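Below you'll find only one chain, the form predicted on its own, shown as structure tokens.
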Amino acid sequence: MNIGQAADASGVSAKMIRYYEQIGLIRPPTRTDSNYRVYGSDEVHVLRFIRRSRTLGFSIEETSALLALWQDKTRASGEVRDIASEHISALETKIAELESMVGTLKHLVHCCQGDNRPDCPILDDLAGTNSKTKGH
């Protein structure tokens, strides 16, 4: 199948397939005499693996490590577990940061009158000039 068909079958855009090839995440596919890429079911399976890994938020580097482990039938599952556990920790940190942002924004929205006056505690906070909302 050509790159467009592989993209449809895997859910990874043709642009991303080319990018993954360029950075070495996937092996370059075989090419026709006309220099078109040719993909088989194995390559599509790899692309689906990558798509799922990226959907779960794994970085390119983590995805590369997981892909290598997936392809290594003698792997130790503990290595996979360690990568996933580290990723969970990073996600939990990011969630805490996002929840803090939401709390700050809720407080600022609560402080904003939302009327026709030019006073705006949200903009003041962004500018670092509102002492009433500091510390939130």
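What you see is a predicted model, and the numbers here were worked out from it, not measured in a lab. Each residue number is its position in the shown sequence, starting from 1.
There is also a form predicted in complex with the DNA; it is not shown, and the following applies to it.
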Hey, in the predicted complex, does S85 get a heavy atom within 4.5 angstroms of the DNA? no
With the partner left out here, check for me: in the predicted complex, does some heavy atom of M16 sit within 4.5 Å of the DNA? yes
Check R27 for me: does it contact the DNA in the predicted complex (non-hydrogen atoms, 4.5 angstroms)? no
Check whether R31 has any heavy atom within 4.5 Å of a heavy atom of the DNA in the predicted complex, and answer yes or no. yes
With the DNA left out here, work out from 33 to 41, 77 to 85, 104 to 112, 90 to 98 which stretch has heavy atoms within 4.5 Å of it in the predicted complex. 33 to 41
Which residues in 47 to 61 have a heavy atom within 4.5 Å of the DNA in the predicted complex? R54, S59, I60
